[in-house]
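Before any questions on binding or motion, here is one chain by itself as structure tokens, the form predicted on its own.
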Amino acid sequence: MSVVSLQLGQCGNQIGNELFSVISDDSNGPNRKKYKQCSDERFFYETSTGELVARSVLVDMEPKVISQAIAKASKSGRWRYGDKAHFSQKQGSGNNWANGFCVHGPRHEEAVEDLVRMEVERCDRLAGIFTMMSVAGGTGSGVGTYVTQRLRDIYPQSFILNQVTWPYGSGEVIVQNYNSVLTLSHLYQLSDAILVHENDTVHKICSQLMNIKHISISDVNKVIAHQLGSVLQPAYTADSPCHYSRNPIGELLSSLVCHPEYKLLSLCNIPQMSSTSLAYSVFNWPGLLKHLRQMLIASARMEEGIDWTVSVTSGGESMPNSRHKSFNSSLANVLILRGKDVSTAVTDGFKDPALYVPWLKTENSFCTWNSPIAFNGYEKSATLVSNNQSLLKPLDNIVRKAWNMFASRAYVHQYTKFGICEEDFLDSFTALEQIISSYTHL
């Protein structure tokens, strides 16, 4: 089964390019014939001349980033994008969600739908649609939301997983919080799940774990691509313990999204370090899993600076009993282990019923995927995809900042001139407040 990807806007196209590079490099390591076959079937198709072509559609309202992505892929010599699998225009969306959603999206929907349909028809079986986009700008957020809406109408039975990148809290665009609120509230109604990466967190990983002095957008995107690849590459699952899973998106979503009110997924990965440090590092499964479990409990996105004072009692209450030490409650977790001696890893710490909401059975809330193949140069690595409360604080911050602007009607006129009204803003705020309430009361 194959995954069709959509790279939307500058952010989505840059992350998508890095993701396919990671997948291609990882699959071409030694002693991984079946692994490569499964990965290639999932993400690429082969031409009559033996070239690997990404099952991806690139969309942006400006041509520059798409041209760069196509050139970079071709230069790799291992894979490329389809000759006609991209769509761009000469004018961007001006960092305005309404411009992307109400103007560019409807204007170009037929062209984009045809490109997606061509990729879907190339698949023997469609495992799902995976979109990559930012929530801060105009094209990724506005056009991306409109495209997702059309895909839901055209492929009502298919899985749709949206990977979204949240902007820096300090600000990239003055209206980024408006764009984020409008994007998230709409996607929540359309997508099967929303997998979130926060730029602030990834920036810290680059700085504190990767030891990068002058952090570029490319560095940030490489970390995100590494994390995504660690989830999407072939693995043995509970549903397919003897052969690599053929439906990664379907199994991921059926394991993590138990209720339509809870669709926010977070991701953390361990270890993460520079290639220089990696050459001199040794890891063992008990140590990796101990750190990863504490990252889950303490709502830490990386192993640096974990709060080890947060713990869970059998009754599900955090210790010490302080509001600031509150325990991060989960609906569901998928643990993905890759590398040497993976069969010896003991995952009992993640099966503790106290980690999960009481109205779900623990056996339905946790599952493990594994592969003996080392991922992307790491002899051992563990990835945790979670549906839990860890995104509450950043989501609440985005809504609060957007509401403060909306209360004074700042920049609202820039949105209403493209066809949305103040009631659309209010509906989006109401929807996100409901999501915040639902996760708060887990």
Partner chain sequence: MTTLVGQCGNQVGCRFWDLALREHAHVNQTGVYDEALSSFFRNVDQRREGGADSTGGRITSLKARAVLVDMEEGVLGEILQGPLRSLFNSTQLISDVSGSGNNWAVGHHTYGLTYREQIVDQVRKAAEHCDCLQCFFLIHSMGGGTGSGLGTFVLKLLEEEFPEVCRIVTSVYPTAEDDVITSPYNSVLAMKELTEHADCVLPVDNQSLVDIVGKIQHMSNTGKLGCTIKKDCTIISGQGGVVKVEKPFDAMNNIVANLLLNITSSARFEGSLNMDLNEIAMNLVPFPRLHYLVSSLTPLYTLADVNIPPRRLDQMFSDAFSKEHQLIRADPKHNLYLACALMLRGNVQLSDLRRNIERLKPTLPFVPWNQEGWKTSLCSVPPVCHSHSLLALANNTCVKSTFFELRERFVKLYRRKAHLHHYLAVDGMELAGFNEALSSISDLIEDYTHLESPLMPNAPRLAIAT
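Numbering follows the first chain given and starts at 1. Since we're looking at a predicted model, the values are computed, not measured.
There is another form of the same protein, the form predicted in complex with its partner chain; it is not shown, and what comes next is about it.
Work out which of the listed stretches, 60-68, 377-385, 37-45, 24-32, brings a heavy atom within 4.5 angstroms of its partner chain in the predicted bound form. So the stretch in question is 60-68.
Just checking whether residue 52 would be counted as a contact of its partner chain in the predicted bound form - the rule being heavy atoms within 4.5 angstroms. It does not: once its partner chain is placed as it appears in the predicted bound form, residue 52 has no heavy atom within 4.5 Å of it.
Heavy atom to heavy atom, is residue 96 within 4.5 Å of its partner chain in the predicted bound form? Yes, residue 96 sits close enough to its partner chain in the predicted bound form that at least one of its heavy atoms falls within 4.5 Å.
Exercise: residue 217 in contact with its partner chain in the predicted bound form, heavy atom 4.5 Å: Residue 217 belongs to the contact set for its partner chain.
Is residue 203 a contact residue for its partner chain in the predicted bound form, using a 4.5 Å heavy atom cut-off? It does: once its partner chain is placed as it appears in the predicted bound form, residue 203 has a heavy atom within 4.5 Å of it.
Work out which of 128, 92, 105, 229 lies within 4.5 Å of its partner chain in the predicted bound form, going by heavy atoms. Checked against the cut-off, the match is 92.
Would you kindly say which of 169, 339, 250, 271 lies with a heavy atom within 4.5 Å of its partner chain in the predicted bound form? Here the answer is residue option 169.
If the criterion is a non-hydrogen atom within 4.5 angstroms, does every one of 5, 267 and 302 touch its partner chain in the predicted bound form? No, none of 5, 267 and 302 comes within 4.5 Å of its partner chain in the predicted bound form.
For a quick check, can you give me the residues of 172-205 that have a heavy atom within 4.5 Å of its partner chain in the predicted bound form? The stretch touches the partner through 172, 173, 174, 175, 203.
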